[in-house]
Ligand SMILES: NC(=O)c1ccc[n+]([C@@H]2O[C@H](COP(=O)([O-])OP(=O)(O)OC[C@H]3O[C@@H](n4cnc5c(N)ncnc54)[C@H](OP(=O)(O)O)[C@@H]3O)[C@@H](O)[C@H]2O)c1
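Taking the form predicted on its own, here's one chain by itself in structure tokens.
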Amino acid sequence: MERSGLSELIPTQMKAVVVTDYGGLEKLEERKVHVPLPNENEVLVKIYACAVNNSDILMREGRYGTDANTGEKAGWKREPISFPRIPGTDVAGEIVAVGANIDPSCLGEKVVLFPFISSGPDGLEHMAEDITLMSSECDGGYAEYIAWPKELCRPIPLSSYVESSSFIVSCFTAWHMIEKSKVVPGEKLLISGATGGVGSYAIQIASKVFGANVIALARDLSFKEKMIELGASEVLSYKSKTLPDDVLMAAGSEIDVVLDVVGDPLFSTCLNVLRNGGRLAISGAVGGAVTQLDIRTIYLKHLSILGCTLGTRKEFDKMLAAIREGKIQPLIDKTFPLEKAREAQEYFKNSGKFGKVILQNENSTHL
């Protein structure tokens, strides 16, 4: 693409933080790399904010495993990563250049980016075999610029780049879990990992958008009041030695739907507290990816287990509409400048945080 399509002077190189190989924080390096040129159906977005996600860290550590070997190092698609790779899936920024087929009237638009590309049809795009996830199969948002398909750019939902970047994968995943579980008003939901990104947004979405009665599970109760403010009716510690009984007592009956991101440590509890015909939606395994399962529990209780990753463009748009309407509030714990990506990932993994950790380019918080 010729540089005449630019709305501002774009440098040929940019600052980026790249993952150089599987491993620890030392595998994150700040580098100067080429600014990508948008293809004919793409735009160039100047990145102002990008949230840190657990998937960024799991990709760097190679902890997804492969289909053949759960211990083998691989990326999100359970395939080898092509290094170096720029991580980051949650991008908010401004369109500053366009490809040959894109109307230049979009220059200057403030946008968030739908985080993956696929050839799947509407409603099934997240299940396509050729899915390309930003940060894993292609470069992501720990940089100053990114080229991305124009059709996957959406108007920024709030008047802050930082706040708008906080929703993209965590909130999107939570929305997909709830919609795929077919939650209806009045149902009783149990949400594990409730202080994390997915869990904390799930509390808001389930209670304030879908009208469910939410019980939140957390490692400790230091954020109990905050979770109740978000919409939880009760908050329990999953360290309790009587957790199944605690859940049933808090709910007053068995649970209709469990949303789980923890995995092994809570798996049996999740199954045991569900009513006959209940649904278990799983989108993570931060506490352990391998568990034991008594299959009889599944068929004797007529349970449905739903695997949930990302979601559809329609769900993404509905989520953004709910954010604009004020039904879902941004949850920000801490921001770091881009060059402090190592510190940001270390803080993300080790702190008792509540809300999202954001990497910020320049000092542009608001539009």
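Just count from 1 along the sequence shown to find any residue number. Everything numeric here is computed off the predicted structure, so don't read it as measured data.
Although not depicted, the form predicted in complex with the ligand is the subject of the following passage.
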Out of the stretches listed (113 to 121, 169 to 177, 273 to 281, 293 to 301), which one is close to the ligand in the model of the complex, meaning heavy atoms within 4.5 Å? 169 to 177
Scan Ile255, Ala212, Val262, Ala143 and let me know which has any heavy atom within 4.5 Å of the ligand in the model of the complex. Val262
The listed residue (Ala147, Ala285, Val162, Leu107) that reaches within 4.5 Å of the ligand in the model of the complex by any heavy atom is Ala285
Output flag, Pro157, Lys318 and Ile358 jointly within 4.5 Å of the ligand in the model of the complex, heavy atom basis: no
Heavy atom of Leu266 within 4.5 Å of the ligand in the model of the complex: yes
Interface membership of Ile203, the ligand in the model of the complex, 4.5 Å heavy atom rule: no
So in the model of the complex, does Ser351 come within 4.5 Å of the ligand, heavy atom to heavy atom? yes
Do Lys77 and the ligand share at least one heavy atom pair within 4.5 Å in the model of the complex? no
Need the contact residues for 294 to 311: heavy atom within 4.5 Å of the ligand in the model of the complex, sequence order, or none if there are none. Cys308, Thr309, Leu310
